[in-house]
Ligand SMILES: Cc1cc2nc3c(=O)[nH]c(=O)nc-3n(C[C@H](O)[C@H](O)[C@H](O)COP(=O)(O)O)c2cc1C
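The chain below stands alone and is given as structure tokens, in the form predicted alone.
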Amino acid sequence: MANCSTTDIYDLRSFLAILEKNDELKTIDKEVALQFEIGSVLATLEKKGLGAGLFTSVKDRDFSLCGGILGSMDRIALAMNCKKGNINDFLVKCLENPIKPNIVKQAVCQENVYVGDEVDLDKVPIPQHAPKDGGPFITGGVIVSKEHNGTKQNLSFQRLQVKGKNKLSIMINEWRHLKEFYDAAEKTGKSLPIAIVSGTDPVIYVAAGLRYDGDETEVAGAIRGKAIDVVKCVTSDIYVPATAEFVIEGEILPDYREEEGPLGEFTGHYSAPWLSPVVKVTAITHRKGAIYQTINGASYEHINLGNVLPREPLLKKFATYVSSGVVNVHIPPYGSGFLAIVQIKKKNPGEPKNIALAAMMTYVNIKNVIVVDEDVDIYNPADVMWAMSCRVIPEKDIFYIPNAQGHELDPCSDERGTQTKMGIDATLAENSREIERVSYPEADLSRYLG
């Protein structure tokens, strides 16, 4: 892949150019429908490993649309301008060295402004992704919120179902800062202002999935190596990325709930409908020729942003605390966030089991842990399966932890998330008959293929 510098990426459009340069973007000029067709094409691109998708002609809408932007670790590494194997360590440094955003007076995200009766969500290209989704959902929107009667801002991902021209329902996870902000506002009978950002510098998306007590825009600045420009919203005092393609401003109403869902979730299953708060939209702003950004539910991008990037740094920290031999860790998207793979330089035959136990303690989501040697590529499922097939003696190397706390949405757990967790030592035994793994030096194919 081609290298890029931090100054090469400053908004969604510049990142799309980087993806195209690295053959990580497919442009579709054929007209596509918002209902199911876009979701199907994005899912197929992901399945075949063909990259992200940019749709230039969306039926009955005046805007382009893109998806799958951060659907692979290769594209995430491009967005962060670092090597794939260094992502975790780099994120830890960024969390420890935040850069406050820079406030600007004017911004391209407000080149077009619609308020009051002009607000119409039907004009925004919001897809209905999967065949049994309950309707059009904003899935690729970063929620920008601010604490009630305070100044602290927060970025997060929440699903929002379109319920009308100026109405959305929003599912708020219990552990989010947004839930704390909304609970405080609701107790006083007041609405909580929010902004929904679609399409901006990809580091905003990376930062939004992280757990950080301050404004995650500061972490995005650290990733990019400079302050992120932000501008004040039109109808609230929330500050949003100045380069955003779309910004939907609104307020979460107090003491009212509506059913929203179902939606294809990160587990790969449809979630049940939920009673969720409602958002009244107060403004829609967008750039000229705006590009709407979406995320397919249950896609690798969905899992990367919600389960992989936010959790791998702490997983490595916990695993390394148990063993200095830990080389790297990965929560692969194909495991729906429930699988962790740890790569080690083994010093003791009991080490892998201790490391697996530490990994299970990192997050309730982590149910299965595979520990491999340093010669196994943790980003290559075929390599991991090879280690499972050739280095695991089941009666010695697999162990179970019954009645452990897991995730409620895991179909293998009970309604409260109680489940059995599993650790697998897929490292080579000291007394193994295998001496050395076969490997070939990499050839420069350009010398042979022209």
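Position 1 is the first residue in the sequence shown; the rest follow in order. Model, not experiment: these values are computed from the prediction.
Form predicted in complex with the ligand: not shown, discussed below.
Non-hydrogen atom within 4.5 Å of the ligand in the predicted complex for each of Asn154, Gly209 and Gly306 | Heavy-atom distance to the ligand in the predicted complex: all three under 4.5 Å.
Using a 4.5 Å heavy atom cut-off, indicate which stretch of 210-218, 335-343, 351-359, 104-112 touches the ligand in the predicted complex.
-> Every other range fails; the passing one is 210-218.
Which residue among Ile295, Ile228, Val203, Val240 has a heavy atom within 4.5 angstroms of the ligand in the predicted complex?
-> Looking at the other structure, the residue within range turns out to be Ile295.
Of these, Lys146, Arg75, Arg159, Arg287, which has a heavy atom no more than 4.5 Å from the ligand in the predicted complex?
-> Flagged contact: Arg159.
Hey, in the predicted complex, does Arg176 get a heavy atom within 4.5 angstroms of the ligand?
-> It does: once the ligand is placed as it appears in the predicted complex, Arg176 has a heavy atom within 4.5 Å of it.
With heavy atoms only and a cut-off of 4.5 Å, decide whether His302 touches the ligand in the predicted complex.
-> It does: once the ligand is placed as it appears in the predicted complex, His302 has a heavy atom within 4.5 Å of it.
Lys316, heavy atom within 4.5 angstroms of the ligand in the predicted complex = The answer is no: Lys316 has no heavy atom within 4.5 Å of the ligand.
Can Arg224 be called a contact residue for the ligand in the predicted complex at 4.5 Å between heavy atoms?
-> No - in the predicted complex, heavy atoms of Arg224 and the ligand never come within 4.5 Å of each other.
Which residues, if any, of 310-344 lie within 4.5 Å of the ligand in the predicted complex when only heavy atoms count?
-> Residue within 4.5 Å: Arg311, and no other.
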